[in-house]
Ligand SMILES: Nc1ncnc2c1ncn2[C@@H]1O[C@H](COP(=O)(O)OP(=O)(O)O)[C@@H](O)[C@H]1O
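Only one chain comes next, encoded as structure tokens, the form predicted on its own.
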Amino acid sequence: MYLLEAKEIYKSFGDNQVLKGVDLFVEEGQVVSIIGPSGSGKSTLLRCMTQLETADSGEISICGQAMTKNQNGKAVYSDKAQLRQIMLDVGLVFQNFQLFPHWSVLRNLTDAQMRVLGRSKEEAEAIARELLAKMKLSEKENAYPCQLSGGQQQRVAIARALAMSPKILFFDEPTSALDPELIGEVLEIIRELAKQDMTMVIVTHEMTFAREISDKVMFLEQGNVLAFDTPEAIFSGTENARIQSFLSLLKK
């Protein structure tokens, strides 16, 4: 079963066409990494999937629910109630954490649970503490984001996304804002989620990680999909000269 289906997605900002008919299909339990040079449309595609941007045309559905349908060459969005319902199945981890600085770690994890999902304070705190334990951050529940390292903040952000019980989790370059020595601790958390069959779509520049963790890898170039295949096919078997050039530069 596809948890995410995106067909012929186009997106422009003024005269700049960023996405040029992108297709993306993600099965339940799959990990899909999206790679490619800066400016290729990776984050824009993710933002279209998570309603942070509106697609110009194309069809998107998540967990069998239509977000957009194509009518007369334009993307027509579902009503607000359905869009809200779709977002309950979606988690998003940003590259710059997006934690509320004036709230404790525990409140960052519980507020949306109570406001959006209607969970009691006791239930929300129990879920939050369980997730913080998995993130090895139990002792930080009363800390504020400014008191945490970048890696710890990103782990809190992942826990916050998981607290909402999403069916599919999106990561937008989750390690790009981290110092090199902190990257590993965040990648290890994502590895553990993959072992638990969490469906994930990850925009990343960590090529070794993408090769290791992914079931499928998409290579985007100037808004076009140059390849969507297994990691082995992308990293070892591709005959596409542009992809070979991109990967060879990263090895230098």
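The first residue of the shown sequence is 1; numbering continues from there. These figures come from a predicted structure and were not determined experimentally.
Quick note: we don't show the form predicted in complex with this ligand, though the next part is all about it.
Novice: Assess the spot marked by Pro37, Ser40 and Ser43: is this ligand within 4.5 Å of a heavy atom from every one of these residues in the predicted complex?
Specialist: The answer is yes: all three residues contact the partner (heavy atom, 4.5 Å cut-off).
Novice: I'd like to know whether Val18 contacts this ligand in the predicted complex, with contact meaning heavy atoms within 4.5 angstroms.
Specialist: Judged by the heavy-atom cut-off of 4.5 Å, Val18 is in contact with this ligand in the predicted complex.
Novice: At the 4.5 Å heavy atom threshold, is Glu185 in contact with this ligand in the predicted complex?
Specialist: Looking in the predicted complex, residue contacts with this ligand do not include Glu185, since no heavy atom lies within 4.5 Å.
Novice: Indicate whether this ligand has at least one heavy atom within 4.5 Å of a heavy atom of Glu59 in the predicted complex.
Specialist: Flag for Glu59 set to no.
Novice: Verify the contact flag for Glu53: yes if a non-hydrogen atom of it lies within 4.5 Å of a non-hydrogen atom of this ligand in the predicted complex, no if not.
Specialist: Yes, Glu53 sits close enough to this ligand in the predicted complex that at least one of its heavy atoms falls within 4.5 Å.
Novice: Just to confirm the contact call: exactly one of 187-195, 43-51, 60-68, 24-32 touches this ligand in the predicted complex at a 4.5 Å heavy atom cutoff, so which is it?
Specialist: The contacting stretch here is 43-51.
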